[in-house]
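The chain below stands alone and is given as structure tokens, in the form predicted on its own.
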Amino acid sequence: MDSVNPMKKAASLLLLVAGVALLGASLAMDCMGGGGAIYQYRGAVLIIGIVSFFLGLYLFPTMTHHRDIVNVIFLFPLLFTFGVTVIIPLVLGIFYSMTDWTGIRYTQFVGLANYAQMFHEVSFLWSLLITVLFVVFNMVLVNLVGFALALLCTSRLKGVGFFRAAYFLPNLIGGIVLGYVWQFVFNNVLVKVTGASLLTKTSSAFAAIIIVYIWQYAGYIMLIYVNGLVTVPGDVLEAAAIDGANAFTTLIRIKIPMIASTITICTFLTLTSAFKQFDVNMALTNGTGSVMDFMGQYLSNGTQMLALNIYNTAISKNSYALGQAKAVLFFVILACVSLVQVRISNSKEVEL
């Protein structure tokens, strides 16, 4: 430690000790509970303890590590929030998935029993299958529609600003509202026009969910593609035109390679968003639909995708431990697929 002012050193140590003591006292009061008057101040004691600890850390007399200390202090709110909202729930979720958790308490540790039960549940396997199909269809279709709209909105047509706003507008509507609106369209308007609804059969109902999702999300992806297309240098496009390149050649040889990073972002967003589809699925079909024979069983959840299946398992069936096990698997699948997709997209960017 460098030469320092003894008074400053004593003050910083006092604040550090007081902060640790107050933090310990607040945690002790929280664990012991009680209805006394002193217990109502445990929140204030906790805050004062945190402030005292970091103030003492900031005043700690060292020139060598002072910058590191300041960096830690400024990063602490973000790291604390991330830990409380992401890391701790993730760890607790993994633990609860290995117990008989009821949503309030657990009585015993069951190991991998919930995971074994999950893979023996045919309806869950069906939900996993149609979720993968939904992701594949939408990852392709949403990007194609969004890119086509972006080309239209970066052309020289009049009223481009209006079209951009109009195409993006569906993304501002909540998924629950959107699902009920389109349910009315399919069950009333479409029936009067064509005499049939897309929601009467499982296959057509699944197609209806895809249509609604594309209608909702393509405008958002369009804006990202628009941002990428407008960054393509104009002199490069002019040089291509002088060399005799037509619009299709310019698109394939120049625009698409130069917005490879934008394509990576849009592919990643559509991939993760489609995997997490829940609100439109619940509002539009609520997962219903007949499957006459899947792995030798009749299913009534023909359009129930993975997120809705997890919700129904935990909330409707009151099987929180099993639902948590499915959620953990859902997280693992999503993380692995996202990492693979980003790795492949980055390698394609290098090639382009």
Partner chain sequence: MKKWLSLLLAAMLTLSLAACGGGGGTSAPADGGSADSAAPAASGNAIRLVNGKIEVDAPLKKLAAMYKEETGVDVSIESMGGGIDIQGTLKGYYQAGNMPDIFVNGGASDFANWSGLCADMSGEAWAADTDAAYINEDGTVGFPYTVEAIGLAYNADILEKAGVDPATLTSPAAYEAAFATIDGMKDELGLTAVVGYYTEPVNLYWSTGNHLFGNYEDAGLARDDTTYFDMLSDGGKLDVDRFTDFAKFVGLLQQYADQSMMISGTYDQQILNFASGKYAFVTQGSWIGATMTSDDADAYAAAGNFKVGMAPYAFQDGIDTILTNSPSWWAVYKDGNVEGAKAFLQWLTTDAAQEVLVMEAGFISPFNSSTYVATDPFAQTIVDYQNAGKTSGWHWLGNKEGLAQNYTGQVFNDYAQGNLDTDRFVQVMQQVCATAYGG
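Residue numbers count along the first chain shown, from 1. Quick caveat, the model's predicted, so the values are computed rather than measured.
Below, we refer to the form predicted in complex with the partner chain, which is not included among the displayed structures.
Contact annotation for residue 197: at least one heavy atom lies within 4.5 Å of the partner chain in the predicted bound form. Mapping the unseen interface onto this chain, residue 74 counts among the residues with a heavy atom inside 4.5 Å of the partner chain in the predicted bound form. The shortest heavy atom separation between residue 105 and the partner chain in the predicted bound form is within 4.5 Å. When contacts are judged by a 4.5 Å heavy atom cut-off, residue 47 counts as touching the partner chain in the predicted bound form. Using a 4.5 angstroms heavy atom cutoff to the partner chain in the predicted bound form, all of 54, 290 and 316 count as contacting. Stretch 96-104 is the answer when you ask which of 96-104, 253-261, 222-230, 142-150 has residues with heavy atoms within 4.5 Å of the partner chain in the predicted bound form. In the predicted bound form, the residues of 183-204 lying within 4.5 Å of the partner chain by at least one heavy atom are, in order, 183, 187, 188, 197, 200, 201.
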